[in-house]
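Below you will find one chain, with nothing else, as C-alpha cells; this is the form predicted alone, and questions on how it binds or moves follow later.
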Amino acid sequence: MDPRVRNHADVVVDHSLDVQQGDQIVVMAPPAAEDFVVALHEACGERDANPMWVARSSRASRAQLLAADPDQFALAEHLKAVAEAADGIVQVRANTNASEISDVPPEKLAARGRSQEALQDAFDPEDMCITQHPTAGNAQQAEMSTAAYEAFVYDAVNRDWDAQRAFQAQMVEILDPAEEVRVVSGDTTDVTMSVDGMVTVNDDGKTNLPGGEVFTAPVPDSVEGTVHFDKPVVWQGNEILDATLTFEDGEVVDFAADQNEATLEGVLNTDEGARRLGELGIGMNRGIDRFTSNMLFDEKMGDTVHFALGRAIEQTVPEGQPQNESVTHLDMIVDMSEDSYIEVDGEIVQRDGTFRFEE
C-alpha cells in the first residue's frame, strides 16, 4: 500500500475524529476508494475501534433518481439510524466519473434534497470527517495526471494542522467580534453583509480534510450587492460558469450564468432559504495553490473567498440569532488575488490576497 494512503488514514483517525477504543465508526465510500477504506479499517483496528464500510455509488444513485417518482422520495430512515448510532463518520469522495449524475433533472435532485432534510440533524459535524481519496476521475476533472493529483491531495491533507490553526486564528480574532464585512473584487463584485453576533469557526482539518478556512454566517436578511463568481462550481456533476448573483434585503433578486444557468436556477428554487446566503468563508490554506474543480479543496485555497447559498452551518449561529434554513448548501468562489479587498468594520484586512498580518 502507498504509505501516503495510510498516513491519510491516520490523520483522519487521530486528528479529525480522535477515534477511541470501542468507537463505532462508519466509513461511507465508493468502491474506487477501497485502498483508503482498508487503511482506515487497519487504523481503527489498531485502536480497538469498530469500523463498518457503507459502499456508496454515484451510478447507483443515478439509476434510482432517474427511475423514481420525485413526489415519492422519502427520508432514508435506515441511513439516519446508522448515523445516529455512530461515534464517528468518514465520508470519502473518490470519483471514477465526476459527471455521473449530470443528466439527472435538477427538479429531481432538489426533491431528493428536500426528502433528506432530516438527515442533517443526524450527522453531528463534530463526529464527521469529509475527505478525498485521489482517483483518475478526479485527476481528470482537475486537468492533472493521476500521479500529480495524488501528490496534490496528500500535500494538502498531510500538513501540520496545529500550525495551520494558529495561522488562521489571526483571522478569527478579526472576524469573530466584527459587525460588518464588505468584499470587493474588480468592478463586478461589491457586497456587504452583517455578521454581528455570529460565530467565526477555525477549520483546521476536523470536519473537512483538508481544512484551511475560517467561516461564519451572515445575518440572513443583511446581504446587499452583487457578486460575480469567477471560478467554476460543480453541482451534481454540472459545471456552472461565471455566475452572478444580486442581493437585496438578503435575497437573490437577479441571477445569471454563462453555462448551466438552469442548474443554478434549480438550486435557487430548492426552497426559500436557497436564495439567501448561509456562509461567508475565507480560504487560508497556502498548500492549495491551484483550482481543481473540487470544492473540498478549492474553497480552502489562499486568495479566495466563498459564499454559500442555503443552509447556515449550526456552529456559526448561536442561540437567539437568525439562522438561514435550507436543504441545500452550494459554495461559490470569488478570486481575490488581484484588484480585490476584504473590509471588516471599515478596515481593510486583506488586499489582493495578502492578509494584513502577512505583510
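Sequential numbering from 1, following the sequence displayed. Keep in mind that this is a model prediction, so the values were computed, not measured.
The form predicted together with a further copy of the same chain is left out here; the points below concern that form.
Here the chain stands alone, but in the predicted bound form its contact with a further copy of the same chain, taken as any heavy atom within 4.5 Å, falls in 52-60 among 307-315, 52-60, 293-301, 323-331.
The three marked residues, Met1, Glu77 and Val82, each reach a further copy of the same chain in the predicted bound form, with a heavy atom inside 4.5 Å.
In the predicted bound form, at least one heavy atom of Gln24 sits within 4.5 Å of a further copy of the same chain. In the predicted bound form, a further copy of the same chain sits beyond 4.5 Å of every heavy atom of Ser145. Although the partner is absent from this view, Arg112 contacts a further copy of the same chain in the predicted bound form, with a non-hydrogen atom inside 4.5 angstroms.
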